[in-house]
Ligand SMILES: C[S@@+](CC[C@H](N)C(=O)[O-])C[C@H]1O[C@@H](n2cnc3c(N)ncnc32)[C@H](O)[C@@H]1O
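Listed next as structure tokens is one chain, alone, in the form predicted alone.
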Amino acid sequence: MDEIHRTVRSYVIRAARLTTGQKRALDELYPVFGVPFPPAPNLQALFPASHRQVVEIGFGNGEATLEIAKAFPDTGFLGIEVHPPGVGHLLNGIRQEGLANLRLLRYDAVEVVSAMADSSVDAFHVFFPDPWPKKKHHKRRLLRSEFLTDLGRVLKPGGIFYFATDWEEYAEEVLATLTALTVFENTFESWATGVTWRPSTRFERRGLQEQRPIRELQFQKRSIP
């Protein structure tokens, strides 16, 4: 029998427990506020009136995404997520708030980023991605060297990569990887501190309840790698 090679993904699609409102949002609102893929998203075309364009990867139920988009109306935000309930929930939020600066793409972020043009994004945000804590599952972690290198390619010179997690070992791994990539430089000495623009998420609150420290990183793409 021929060997079957499978791509290792950073997520598992579980049986979706969609509410009636989430299903209706996917059916009715995704055609309005969703972004097709392929082709690769063109953020300048999506948000022609925005001064900056930001991509958030894995927004969960979108609570923080919605608050950030409301707080920065002059910035265009593209949220990428694979899980239907979270997409449906955030679609309803976009409609309720009447936001013109937030759009969603339901697809694997690794494939989306790989298709995006060089130096086309002002910032990438990754809030509390799945840490895949068991060592045998570390290969599933999203923020590995190959993907971080691709994020560096897509960022504009001076662009920001921001990451938050409640899993310290994962944070240390990402810190070491980013430090080794010459395309990036840390905007802090180590962990990012004093960050006030990011709202709290339910994963963050759970981590704090379980007494796990919150670690944040903010790296900038060098103008001359």
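Keep in mind it's a predicted model, so treat the numbers as computed, not measured. Residue positions are given as counts along the sequence shown, with the first one as 1.
The same protein also has a form predicted in complex with the ligand, omitted here; what follows describes it.
**Q** So in the model of the complex, are Gly58, Val82 and Pro129 all sitting within 4.5 Å of the ligand, heavy atoms only?
**A** Checked in the model of the complex: all three residues contact the ligand.
**Q** Within 4.5 Å, heavy atoms only, one stretch in 95 to 103, 151 to 159, 69 to 77, 108 to 116 touches the ligand in the model of the complex. Which?
**A** Correct option: 108 to 116.
**Q** Whether Leu142 contacts the ligand in the model of the complex should be assessed with a 4.5 Å heavy atom distance threshold; does it?
**A** Leu142: yes, in contact with the ligand in the model of the complex.
**Q** Is Thr201 close to the ligand in the model of the complex, meaning a heavy atom pair under 4.5 Å apart or at it?
**A** Yes.
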